[in-house]
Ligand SMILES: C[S@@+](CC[C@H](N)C(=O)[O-])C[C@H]1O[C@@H](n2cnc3c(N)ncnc32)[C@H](O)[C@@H]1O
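Taking the form predicted alone, here's one chain by itself in structure tokens.
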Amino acid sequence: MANQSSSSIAAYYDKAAGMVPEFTVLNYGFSSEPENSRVPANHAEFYCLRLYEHTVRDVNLAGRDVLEVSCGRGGGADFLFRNFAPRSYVGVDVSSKNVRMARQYSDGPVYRVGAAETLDFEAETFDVVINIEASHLYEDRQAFFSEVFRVLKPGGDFCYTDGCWANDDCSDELREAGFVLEERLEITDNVIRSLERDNERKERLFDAIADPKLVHEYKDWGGIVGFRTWRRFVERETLYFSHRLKRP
């Protein structure tokens, strides 16, 4: 989970867009017992959308202006836009190919290319900011938190989920940025369950890649059972948390 430059992240995800274009949602997912979900049970990306559903579960999006930072290919943004009735929804991603795919997939939200640490919006523009499974890649996570605080309206909500090293508690960084931390919940077991339940679908897509070296790389990246990312969660080398925060 090393920090990377925006250009290297963009290049990686631009390449991935061509290698595995079938994914519209790029996260490890969430699963609970029972699922209690409004995502259709037969949706191919059910568990990945469940992570979106979990992330915003206690925050009202209806009639509010929403920003998703690192929106990926737009599948999650489309789900929230269609099911939670925000007034507006803007998705920003550093990968131009992700943004292009998002625009093709969904015409509800507005998608823009941009970096998380330098959001190109006026202060106090949004009621809600969402960030899912992306900040571990940022070059400057503290700058990202400060930018989220800046673009949120007073009283606005920050819905934030990500994996991290077991000894990496970002709570102090979030408070230093000005947020009130209303909830920090470890959901590692829910993520592991999702990876295991969604494994067959993802592995089939990765196995279709022609280059064997890339197959292994993408199985690591995608959390396939038995590979590096999955092992790190199972062995508790890395953990996964969801956060609900507010700008006072």
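Every value quoted in this text rests on a predicted model; they were computed, and no experiment measured them. Don't overthink the numbering: it's just position in the shown sequence, from 1.
In what follows, reference is made to the form predicted in complex with the ligand, a form of this protein that is not presented.
- Screening 128 to 136, 151 to 159, 79 to 87, 165 to 173 for residues having heavy atoms within 4.5 Å of the ligand in the predicted bound form returns a single hit, 128 to 136.
- The listed set Ile9, Val225, Ala17, Val234 contains one residue whose heavy atoms approach the ligand in the predicted bound form to within 4.5 Å, identified as Ile9.
- Interface residue remark: Asn27 is counted as part of the site for the ligand in the predicted bound form, having a heavy atom within 4.5 Å.
- Proximity of Ala102 to the ligand in the predicted bound form falls outside the 4.5 Å heavy atom cutoff.
- Interface residue remark: Ser106 is not counted as part of the site for the ligand in the predicted bound form, having no heavy atom within 4.5 Å.
- Within 4.5 Å of any heavy atom of the ligand in the predicted bound form lies no heavy atom of Gly178.
- Of all the residues from 111 to 128, those having a non-hydrogen atom no more than 4.5 Å from the ligand in the predicted bound form are Gly114, Ala115, Ala116, Glu117.
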